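In the form predicted on its own, a lone chain appears below as structure tokens.
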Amino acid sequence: MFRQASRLLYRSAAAGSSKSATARAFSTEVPSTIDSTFVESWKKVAPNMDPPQTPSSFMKPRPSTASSIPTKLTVNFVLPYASELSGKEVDMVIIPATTGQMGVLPGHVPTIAELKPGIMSVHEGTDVKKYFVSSGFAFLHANSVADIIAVEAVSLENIDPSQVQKGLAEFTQKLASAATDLEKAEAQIGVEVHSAMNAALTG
């Protein structure tokens, strides 16, 4: 049945392309439209099944971009189990990207950045709140909204330096005595995370 459907749909697509050489742009600014030829062909082959939905069916319009740069950056900072910041308006955020420390101000160019273990600081006037993040991603939007998703994060003031030193020593010993690739990888991750925490506390 699906082989017949693919042949029918291929014919309808080829016929459509011969009528018009202009393709619809891939953009969330373009309203979603239904290809009637596709739907008719699908119903001929599978009348009891709804036509499949394409990604454009789920797209929402892009958020409007302000004509001028806002004075504040709106930050959403979430973890798998909690929302640390929701719609928080701040002056700047500095994130530990894999390419280096990245300062984010209002009007920042749209970017997706991968996070590495390190300090994320949220600046609001003279108040600076620091978090240690293990990993994650930051999505910087054109409308001066930053969505930051971390696998794990903790306020820097809640980290016990003695426990960090203890953990670093334990994982360093495990790395030296690791017998398998898995053990080495787990120990290496532990060393990197605890080293980054130690640097954050002493730096």
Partner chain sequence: MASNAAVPFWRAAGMTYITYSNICANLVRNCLKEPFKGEALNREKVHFSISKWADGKPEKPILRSDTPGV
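Residue numbers count along the first chain shown, from 1. Keep in mind the model is a prediction, meaning the values are calculated, not measured.
Here the subject shifts to the form predicted together with its partner chain, a form of this protein not shown in this document.
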The unique member of Ala46, Ala142, Val151, Ala178 whose heavy atoms fall within 4.5 Å of its partner chain in the predicted complex: Val151
Between Gln163, Thr54, Gln173, Ser36, only one gets a heavy atom within 4.5 angstroms of its partner chain in the predicted complex; which residue is that? Gln163
Counting any heavy atom within 4.5 Å as contact, can you tell me which stretch out of 127 to 135, 87 to 95, 68 to 76, 104 to 112 lines its partner chain in the predicted complex? 127 to 135
Though only this chain appears here, would Ser195 touch its partner chain in the predicted complex if you measure heavy atom gaps against 4.5 Å? no
Touches its partner chain in the predicted complex: Glu157 (any heavy atom, 4.5 Å): yes
Which residues, if any, of 178 to 196 lie within 4.5 Å of its partner chain in the predicted complex when only heavy atoms count? Asp181, Leu182, Ala185, Glu186, Gln188, Ile189, Gly190, Glu192, Val193, His194
